[in-house]
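Shown next as structure tokens: one chain only, the form predicted on its own.
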Amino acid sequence: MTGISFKSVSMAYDGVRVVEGLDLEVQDREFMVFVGPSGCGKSTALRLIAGLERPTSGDIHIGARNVTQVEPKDRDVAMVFQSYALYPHMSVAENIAFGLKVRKMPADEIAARVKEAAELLGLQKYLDRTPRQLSGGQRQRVALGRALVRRPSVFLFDEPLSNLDAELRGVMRAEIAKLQRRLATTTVYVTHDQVEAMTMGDRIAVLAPLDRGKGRNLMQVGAPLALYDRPANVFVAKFLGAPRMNFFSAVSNGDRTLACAGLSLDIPTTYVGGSALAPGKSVLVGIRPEHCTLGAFDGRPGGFVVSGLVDILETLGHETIAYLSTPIGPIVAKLPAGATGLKVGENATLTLDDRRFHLFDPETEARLAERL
């Protein structure tokens, strides 16, 4: 069993706090993704697992071992960096084998492991080439191969796809996820890209900078769709989803309706009543762009109609993104391709699915209570 545990881990550089009170369990054989904006401590957390940094306080366990003070070479982890960090004068085979040679492994065992990794990563034809003779994707595969041959108990990835173009990132996302499932090795993957997080991870840990997380980094942990459908707070709701969730302010009428800009909207039945939605209670309402449809309410269940001026239209082929200025504030709608009746500078009407509203406390930014 090779899970990873952060127990009240904090980290500061020259008195500047970066990670504060991190408590997190990565399960055995799990693909865990740390995601968040720059400065949220995600790479620092990864380096703490690797032993490249020592926490200011708290403990880190890998499996049953407390590795807080254990040297990196003794932690049985392999790390793939954003920079490929390949030796330019060595061949692909020599780069992959380098770590094993340092550990003085027998030559026949090294050759067997390099051959196995090359077959797994499709590098058989490139073993005699040097890094400068490879594409970016091939260099990334070599960096992966160098980690694979170690056969570690934990894989660590620090934004390994950031240097690749969009198409190649999509290919490598699928390859890394497939490789992790095949090897069934506990993996922690750091990225700022929500698409990578949503498509690759078994679970996601959303982290925030301490000033935006109000003194803590970890905002929410869970399966990708669970976080997308039920974000625990405004930060997670804004970070996951592109375009990001729409927000507008409303006030509870006390009768399971909210008032906003002279309009009345129903509270989803999933939300409990009581003091959280008492009369006069301010509420921050969120709705995702894909839950906004073009046209007025036509009698179908769940509809809150709002009209506004079309500011921007983004035609993406498979869909159209419309940006509107409305009485309740800016609204972004994700609409089908070729949506008719939309012109920049003219008015348009949207129906917001009131069954898909997300309600937050504007002071704490926490999600309001719901029935299970």
Partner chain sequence: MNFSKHWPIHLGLIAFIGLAMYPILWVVALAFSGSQDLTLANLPADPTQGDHLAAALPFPERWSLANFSGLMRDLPFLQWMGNSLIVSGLTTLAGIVIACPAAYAFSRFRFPGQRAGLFLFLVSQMYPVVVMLAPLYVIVSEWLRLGDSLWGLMLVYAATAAPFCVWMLKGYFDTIPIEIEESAIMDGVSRPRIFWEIVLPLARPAIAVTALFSFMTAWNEFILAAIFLENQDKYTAPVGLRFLVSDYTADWGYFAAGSILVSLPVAALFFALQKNLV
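Numbering follows the first chain given and starts at 1. Just so we're clear, the structure is a prediction, and the values are computed from it rather than from any experiment.
Another form exists, predicted in complex with the partner chain; not displayed. Remarks below refer to it.
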**Asked** Any idea which of 255-263, 285-293, 70-78, 174-182 reaches within 4.5 Å of the partner chain in the predicted complex, heavy atoms considered?
**Response** 70-78
**Item:** Contact assignment for the partner chain in the predicted complex, among M90, A232, L127, L168, heavy atom within 4.5 Å
**Value:** M90
**Asked** Which residue, I328, V310, A50, I321, has a heavy atom that falls within 4.5 Å of the partner chain in the predicted complex?
**Response** A50
**Message:** Within 4.5 Å, heavy atoms only: does A226 come near the partner chain in the predicted complex?
**Reply:** no
**Prompt:** Quick one: does V188 come within 4.5 Å of the partner chain in the predicted complex, counting heavy atoms only?
**Reply:** no
**Message:** So, R113 and the partner chain: in the predicted complex, are they within 4.5 Å at any heavy atom pair?
**Reply:** no
**Asked** Does the 4.5 Å heavy atom contact test between G99 and the partner chain in the predicted complex come out positive?
**Response** yes
**Request:** Residue by residue through 9-29, tell me which have a non-hydrogen atom within 4.5 angstroms of the partner chain in the predicted complex.
**Result:** none
